[in-house]
Ligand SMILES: C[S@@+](CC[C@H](N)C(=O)[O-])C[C@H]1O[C@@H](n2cnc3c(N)ncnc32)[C@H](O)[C@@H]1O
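The chain that follows stands alone, in the form predicted alone, written as structure tokens.
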Amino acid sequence: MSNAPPLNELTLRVIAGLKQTPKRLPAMYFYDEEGSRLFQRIMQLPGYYLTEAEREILTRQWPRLLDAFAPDGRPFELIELGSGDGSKTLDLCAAFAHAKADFVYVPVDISPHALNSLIRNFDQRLPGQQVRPRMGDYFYGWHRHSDTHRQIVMFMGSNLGNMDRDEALGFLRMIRSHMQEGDGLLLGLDLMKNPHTLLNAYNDPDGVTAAFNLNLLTRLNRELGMNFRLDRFSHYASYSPLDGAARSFLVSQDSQTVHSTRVDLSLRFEAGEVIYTEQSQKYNQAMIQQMAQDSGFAPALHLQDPQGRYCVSFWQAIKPAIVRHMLPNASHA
């Protein structure tokens, strides 16, 4: 019997992904300390419009969101999945609080560091606001606190676009299964646009996005004892106007073999072979309408930034009978 310690989730996912054809790495592992720092730089790049556009919609069009969340003044719970430090939502909550809205903010994140930062920020700027942080999986411990409160779920940052269609539908249906009819879902979704604009967002001339992508290999070298040489891989970004998917890859520059000193893993790469690291789906109105319908929602409000680059879409949960018909095919994201 082996006395080796059990493999952690990162190791299991990485091994499974790198044994696929084509090889894949989970995008969720971009965000170690260095990856998070690089992503902060990406969000400040001139060509990376997503964060700016979403923030602009939330800060300028919040009255329309508040009218959609509480048209009759009914109290609501604002549940943000993957809240991080809440920096974007803080402005939205401040606007709601200034308008005397009756709501509770429920940030959900797996990072205790992010939630602690969020709590400090809210205590300093909105000391009277009710905040009920929840650490862990999006769906762990989700329950209705009171029948008097409507639940509004937020999933922002174009994060839904990191899932393929089946994953996204499974995730949306899982959200719907936790809701009651009339509850709401707020999504940040990037829109299909000029391919050159999109390529510039995912392949900046300063190489910050390339460093972000390659940092995945640095993390594997550190945590799995791999011997990836970063100078033998390059970042490649693509966008397909036909299906609206931006994709990122790491390309092997020559034939090589990569090993691990900690797990039983030896990988052969041919020259030009890729590791598929990320998808970022872009949407049009028809796709958004269909996605809502297929997951048990009805679109109620669609807000865009002035340039029409990005949208914040608010959906309402419709009758449970429709969802029950859909749920047998639902999957966990």
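Heads up: residue numbers just count along the shown sequence, starting at 1. Just so you know, these numbers come straight off a predicted model, no measurement behind them. Heads up, when I say rigid core I mean the largest set of C-alphas that superpose within 1.5 Å between the two forms.
Another form, the form predicted in complex with this ligand, is not on view; read the next lines as being about it.
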| query | finding |
| --- | --- |
| Stretch from 173 to 181, 92 to 100, 156 to 164, 252 to 260 whose residues place a heavy atom within 4.5 Å of this ligand in the model of the complex | 156 to 164 |
| D305, heavy atom within 4.5 angstroms of this ligand in the model of the complex | no |
| Contact label in the model of the complex: G84 to this ligand, heavy atom within 4.5 Å | yes |
| Any non-hydrogen atom of K88 within 4.5 angstroms of this ligand in the model of the complex | yes |
| Contact test in the model of the complex: Y236 vs this ligand, heavy atoms, 4.5 Å | no |
| Heavy atom of each of M28, E54 and D137 within 4.5 Å of this ligand in the model of the complex | yes |
| Residue among E77, D109, D190, D204 with a heavy atom within 4.5 Å of this ligand in the model of the complex | D109 |
| One residue of A114, M226, A210, L186 in contact with this ligand, assessed in the model of the complex (non-hydrogen atom, 4.5 angstroms) | A114 |
| Residues in 37 to 55 with any heavy atom within 4.5 Å of this ligand in the model of the complex | F39, M43, E54 |
| Residue shift check between the shown form and the other one, rigid core fit, S83 Cα at least 2 Å | yes |
| R134 C-alpha shift between the shown form and the other one of 2 Å or more, rigid core reference | yes |
